[in-house]
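Just one chain follows, in the form predicted on its own, and it is written as structure tokens.
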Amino acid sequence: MKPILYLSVAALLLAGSALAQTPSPTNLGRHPYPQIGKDGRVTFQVNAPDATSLTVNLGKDYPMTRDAKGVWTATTDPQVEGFHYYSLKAGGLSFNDPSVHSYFGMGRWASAVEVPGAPDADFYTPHQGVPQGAVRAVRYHSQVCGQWRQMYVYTPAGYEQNPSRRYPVLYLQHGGGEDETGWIYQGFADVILDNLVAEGKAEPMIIVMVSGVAQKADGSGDGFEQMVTEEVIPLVDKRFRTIADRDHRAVAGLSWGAKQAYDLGLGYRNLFSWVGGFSGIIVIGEFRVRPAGYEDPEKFAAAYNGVFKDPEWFNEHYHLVFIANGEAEGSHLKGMSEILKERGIDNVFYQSPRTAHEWLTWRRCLKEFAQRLFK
């Protein structure tokens, strides 16, 4: 899998949004199905004359019907704009649609459709004339995990042409069931930053994306934080032209990656001063509608080695705490933001309109977060 393949898929987004019935931009080659209707319904077609039954799962199961030639068809309910994983199912087995690109999600390589029509799709669509950054796959050996691993590193447009310029760094984490490829192939992080920088809305920055699955070599537990703080950050600072201090280092993530971002950003105050969580919580005690740990002053003050103990100190030393989710995800994170403010901890809350726990939510979160960084 190479980044250049993704770019050709993303470039179809604007063209697809203008048609009444169009193939999904995620389709392989010229495969006509899946097709997206102007009302957001997705129609699937699979040629499987020997199958006795087929189902497509996109949020829920849709039984497929067979014609005389063995072609199976199903049409879904209207889908919200954006990126959606799906699977074909037969005999209790879920498998990929051979007509579309595969993306690592749901804990495996999965099929997906991109439903066009988002009113703000321009910000994650490639445009001719916009200077493009580069995405590198960097292989490295982790002593913590006892294995060779891979990270993706985005460098902004002009990085190669300005050898004396140094850049701030955003460490950006994927969600559960995904990996370091997610923010490029599903999230379009490189396109989002290219567009924002070209418009003067974001500072040029390096983005580092690593897999959040990091078991220690001796099997003793999760080695993610140790791997990032002791191996990944020093390697990035050595290999790339970074500004290697906490004032120029940010961390963010989505869902499970949001928790990892909070654990890194709040737990390692010597390394980070910009922290963002998309669709994920800052865990203090037991989380409910109003998180129990937030209501206990002692637990709150003790969290993350006392980082919240002195709100005045916190607000002076942390440039940004950014909390965001999709409107359809509910009010938990808005409540978390409000409780932090009640406790004197400054933060910014953002909500993506209409969307749920999905990639359009997180693309919008990154857009809003990136515009606030390093300023």
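This structure is a prediction, so every number in the text was calculated from the model and none was measured. The first residue of the shown sequence is 1; numbering continues from there.
The same protein also has a form predicted in complex with a further copy of the same chain, omitted here; what follows describes it.
Taking a 4.5 Å heavy atom cutoff to a further copy of the same chain in the predicted bound form, the contact residue among Y167, Y152, F300, F83 is Y152. G91 is the sole member of G200, P119, P78, G91 with a non-hydrogen atom lying within 4.5 angstroms of a further copy of the same chain in the predicted bound form. Here the chain stands alone, but in the predicted bound form its contact with a further copy of the same chain, taken as any heavy atom within 4.5 Å, falls in 180-188 among 301-309, 180-188, 245-253, 202-210. F123 falls outside the set of residues with a heavy atom inside 4.5 Å of a further copy of the same chain in the predicted bound form. Taking the partner from the other structure, a further copy of the same chain in the predicted bound form has a heavy atom within 4.5 Å of a heavy atom of F104. None of the heavy atoms of G267 is located within 4.5 Å of a further copy of the same chain in the predicted bound form. Heavy atoms of L340 never reach within 4.5 Å of a further copy of the same chain in the predicted bound form, leaving it off the interface. Taking a further copy of the same chain as positioned in the predicted bound form, the residues of 29-57 that bring a heavy atom within 4.5 Å of it are, in sequence order, R30, V46, N47, A48, D50, A51, L54.
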